[in-house]
Structures are given as C-alpha cells and as structure tokens.
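To begin, one chain is listed below as structure tokens, in the form predicted on its own.
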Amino acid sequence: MKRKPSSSRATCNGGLTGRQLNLSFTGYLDASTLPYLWGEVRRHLSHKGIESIVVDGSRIDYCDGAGTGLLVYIRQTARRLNAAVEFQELDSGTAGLLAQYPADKLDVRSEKKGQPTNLVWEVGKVFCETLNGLKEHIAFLGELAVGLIRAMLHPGSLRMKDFLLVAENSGAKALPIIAMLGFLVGLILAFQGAVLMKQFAAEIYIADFVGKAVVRELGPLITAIIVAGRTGSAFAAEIGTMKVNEEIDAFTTMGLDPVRFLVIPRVSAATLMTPLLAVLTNLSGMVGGALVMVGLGFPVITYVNRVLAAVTLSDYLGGLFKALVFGLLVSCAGCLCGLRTGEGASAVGSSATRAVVSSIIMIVIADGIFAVLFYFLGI
C-alpha cells in the first residue's frame, strides 16, 4: 500500500459489457474521497441484469480502512445480487486489508420483501436461545451461591467498602420514598376499607384490615418493587457499563473473579437492606391507617390495640422473610442482566429495563408461591 500524499482525489469509472460490470478506481480511496465515490459505486451497481463484477485496482494509489469498506460493500452487494466478483491487480496492502473481512463471516441480509419465514428455524432459534439463557442463569446462580457461602464462612473476604457503599445507596437513600409510599398505601387501604366497613358499622376492623394487609403482603411487595426500580436497575447499569467498557474483561485477565468483586457485595447489601426497608414500609403504613382512624373518631390507643391483636408474630416474620427473598431475587436479576449486557450505545439501557421487568416478574411469581405455602402451612 502506497503512502498517502498531503492532498488526495479519486475517480470511479464503470460500464456494462453485456452482463458484466467493470469498475476502475483511480487515486486515493480514503475518508475524504468516499462521499463522492460511494454515490458513484451505488449508481453503477443499480444497473439491471448484472451477473459479474470486475474491479480494477491497478490505479489505486492509496487505500485505508474507509476505502476497504467500499470494496467490502461492492463484494457484499455482488453476493446479494448473486453475481460473481473479481478484484484485479490490487497491491499487497489493499489486498491484505480486504482479507481482514472474509465474505463468509459478514452477514448478508436479503433485501427482498415478502419471503416466507422458516417457522421450524425460528422455533429452533428461540429454543436454543432459551437453553443458552437457562445455562447462563444456572452457572451464575452456582457461582453466586459459592461466593455467598464463602462470604458467610469468611466475612473478611467480603469487600466491606463496597458493601457499605451499596448498603447506603440501596438502603439509607431509599428511606424517604419508602416512607412516603408506605404511608400512602396505609392511607388508601384504610379509606377503601372504610367504604366497605361503614355499611356494617364495623369501622373498628379497619385496623385489622390495614395491619394484616400491610405486614403480610403490601409492605414487602411495595418495598421489593421500589428496590427493583432503584437498586436492580442501578446494578444492571453499573455492571453493564463496565461490560461495555471492557472492565470486566480486564478483571478476568488479571485473574480476578467478577462475581466475587462486583456481584457478592451488591447482592449481600441489597438482600439485607430490603427487610429493613420493609420494616419502615410497615410502620409508615400503620401511621397512614391511624390517621384515617383518628379522622373517623377513634382514638389512637384503640387503633394500636386492634393492630397488636390482629397482627401476630408469624405474620410479621413471614412478611420480613418474603422481603428478604424479594431482595435476593432483585439483586440477582440486576447483576445478571448487567453481566449479560451486549454491545452498543443502547445496550446498558436495555439491560436496566430488562432487570426491572424480570425482577417484577420474579417478585410476583415468588409472592404467589408464598401465598400458597402460607395458606397450606396455616401461617
């Protein structure tokens, strides 16, 4: 490949000989000449009935990566047209650049519309992708389980600085929104219960209704959804950005385990913070219910006594256990989606969205399983 001079220009000559298109380039194929050359090449390739293309490169003085892209485009267009292509008299440098992009490695998409879809191939593709995803999930859960057991047996191996930082972001900084939503949920439940109980002059049982609903179900559920929106998406975005910037590959190259250094502190902190946030949600919900009861003319002590009589220790511990499991599911989903981030500008956003959606789905499924188990266990 010849040296590029300070100024460059290029031309493209072409013509049809029967069903053979002859293209001849003269000058310098680089980023400065490509805007003109690309339009000329597209005009020549738009002729009807082309069966073969011959590219004469004997007069090419210089060709860089941009010029190589033009030659690759000619070759791929020829494949799409089912036409033979031949490059003649390319110098060794240009031929070497072109060889870096093998024709069989590039995706050639047909521009013909209305072609029938191979249903069997599509079903097989989805099935294989599902199996690969399941394999990755199982491998990730295995690595995570080993890492968590090691952290519990050897607490010194846990990166406490990262653990405390994640605990602050996912726990302490979430207190205001958790308290507000818990208060509003208790307030809404009390008002809805008042509409029904008023028909039977049984407004006193609003305290029982609010206490049971918040402690057993809505407290852990609302907390888990907030954690999924704040913490799960943050985990996916943080780890996804590291994946796009090849920082995780650097961890692996240096012999460091990404799961131990990135996932374990986040999963541990988020899992432990979720039940504590659920406690605040429960208390805020009780305050919201108490405000409605006071507005209906009941003293606060009456409300407190009814709640204490209705909510048992098993109800409270069961709700906290559900919150613990929800926190584990949310943090695992966020970290896994971050590790599976693809390439491109939108990959991180897609991972964050996928983390929130998958977290909410798993929360609802787990909540349904808990409902069935608690029913048969009499909890």
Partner chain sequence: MNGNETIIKVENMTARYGDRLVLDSLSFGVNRGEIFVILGGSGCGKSTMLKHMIGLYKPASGDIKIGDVSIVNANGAERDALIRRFGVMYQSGALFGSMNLLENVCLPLEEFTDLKREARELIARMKLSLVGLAEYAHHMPSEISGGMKKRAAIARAMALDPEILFLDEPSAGLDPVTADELDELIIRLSRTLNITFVIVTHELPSIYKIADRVIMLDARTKKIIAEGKPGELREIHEDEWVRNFFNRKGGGE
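As the structure is a computational prediction, the values presented were derived from the model and not from experiment. Positions refer to the first chain, counted from 1.
What comes next is about the form predicted together with the partner chain, which is not displayed.
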item: 256, 204, 164, 141 - the one with a heavy atom within 4.5 Å of the partner chain in the model of the complex; value: 256
item: Of 100, 252, 130, 82, the one that lies within 4.5 Å of the partner chain in the model of the complex (heavy atoms); value: 252
item: Any non-hydrogen atom of residue 260 within 4.5 angstroms of the partner chain in the model of the complex; value: yes
item: Distance check, residue 247 to the partner chain in the model of the complex, heavy atom within 4.5 Å; value: yes
item: The partner chain contact in the model of the complex: residue 242, any heavy atom under 4.5 Å; value: yes
item: The partner chain contact in the model of the complex: residue 198, any heavy atom under 4.5 Å; value: no
item: Residue stretch of 70-78, 133-141, 156-164, 206-214 approaching the partner chain in the model of the complex, non-hydrogen atom distance within 4.5 Å; value: 156-164
